[in-house]
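For reference, the chain that follows is the form predicted on its own, supplied as structure tokens.
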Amino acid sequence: MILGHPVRLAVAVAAFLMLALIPAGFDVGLKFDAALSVVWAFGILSIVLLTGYVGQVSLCQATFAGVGAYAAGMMFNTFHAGYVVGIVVGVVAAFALGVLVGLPALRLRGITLAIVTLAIALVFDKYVFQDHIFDWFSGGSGGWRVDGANLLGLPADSSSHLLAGYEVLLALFVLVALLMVNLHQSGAGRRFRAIRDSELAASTMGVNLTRYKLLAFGLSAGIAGLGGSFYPLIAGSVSPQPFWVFTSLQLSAIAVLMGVRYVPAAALGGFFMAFVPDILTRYGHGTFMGHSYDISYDWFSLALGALLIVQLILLPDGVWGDLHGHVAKAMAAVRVHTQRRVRVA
């Protein structure tokens, strides 16, 4: 069964139904944040696959999301294709770029690989997404607009259909997350984890390092590109700012903060990345005990850095990892207690 154990599927469906209802009473701005949180959750999920599963480092995940967004916008505007076609092309383009980025990983690792991927993010940020030479891909200084686009007959106007766009995005995220969990338990997942634990040992056991490393980079980029390809639908247009190099750094930091080895941590991280800056901007002004305060978006990066330091010291497995560990211990204690009562009876 491609979707895995029936209980796992039931949990995924329940999670979708619960999360789908949350933004119903939100204003337009918060509905946009809800949809944006899923876009960033795809980006963090791509890091879970690449770093959490395979132990590889990439600091250009927002670049892959940007490629997906621009490719989808280009297909809709230049070739007048349906937006579903644009999404498919965006995922394929991101996958292909991911494989190319993965080529240095065949020889490099650790900090050296991180610097190379960061350089790639800088190149795309400063040149591909903004240089007039690539206007055919980026849509020029104004980017691409997707007015009138629809998704399988569902109008995708950014103001009146944000909730529907959020639900479609959420359904896709739950599906991809479920497939990721199943991948972790599969033969390919075991090979990925073997590479993460020791490339030399994995190679000795017959794991094809070239094939699985490039596959991991391609799949990771494709997941980020899938989320990015929806950005023009929820925002109404696409421009370089959401996909600049600092976004990649934030995605990586939040992935580590929430738990880079855990799929549910991606959803938690997406929520954190989309909502917290908006909340700071909305409610970060006022007076407390006679003193005025002004907490702007700039404080988000400061808070993220501070939280990351605290997490690395106190919760090395991340927020979700620590929560998962406590729940697992509690369930184990309940099972032991139940078994003892059965023996006594």
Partner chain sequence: MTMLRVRDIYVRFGGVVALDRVSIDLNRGEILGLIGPNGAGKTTLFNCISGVVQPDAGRIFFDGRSLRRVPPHERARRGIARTFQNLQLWKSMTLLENLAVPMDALGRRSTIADALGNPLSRFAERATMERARAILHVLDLDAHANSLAGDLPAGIQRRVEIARALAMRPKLILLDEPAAGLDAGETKRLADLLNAVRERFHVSMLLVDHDMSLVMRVCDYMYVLDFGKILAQGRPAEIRSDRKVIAAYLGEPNPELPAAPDGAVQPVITSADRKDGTPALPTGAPLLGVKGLAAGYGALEVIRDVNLVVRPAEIVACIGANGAGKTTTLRAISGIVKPRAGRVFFGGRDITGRTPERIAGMGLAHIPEGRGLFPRMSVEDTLLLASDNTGQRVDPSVAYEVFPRLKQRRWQAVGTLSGGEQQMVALARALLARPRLVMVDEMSQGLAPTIVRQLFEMLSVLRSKGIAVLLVEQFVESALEVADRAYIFEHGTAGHEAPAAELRADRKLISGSYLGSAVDEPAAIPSEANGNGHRVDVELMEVLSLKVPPSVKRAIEERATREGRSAGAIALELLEGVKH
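No experiment lies behind these values; they were computed from the predicted model shown. Residue numbers count along the first chain shown, from 1.
This protein has a second form, the form predicted together with the partner chain, left out of what is shown; the following refers to that one.
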Looking in the model of the complex, any heavy atom of residue 190 within 4.5 Å of the partner chain? yes
Indicate whether residue 204 is a 4.5 Å heavy atom neighbour of the partner chain in the model of the complex. yes
Indicate whether residue 198 is a 4.5 Å heavy atom neighbour of the partner chain in the model of the complex. yes
With the partner left out of view, is residue 179 within 4.5 angstroms of the partner chain in the model of the complex by any non-hydrogen atom? yes
Please tell me which of 186, 237, 78, 150 lies within 4.5 Å of the partner chain in the model of the complex, judged by heavy atoms. 186
Contact residue in the model of the complex, from 215, 257, 170, 101 (heavy atom within 4.5 Å of the partner chain): 215
Look at the stretches 86-94, 221-229, 268-276, 205-213 and give the one with heavy atoms within 4.5 Å of the partner chain in the model of the complex. 205-213
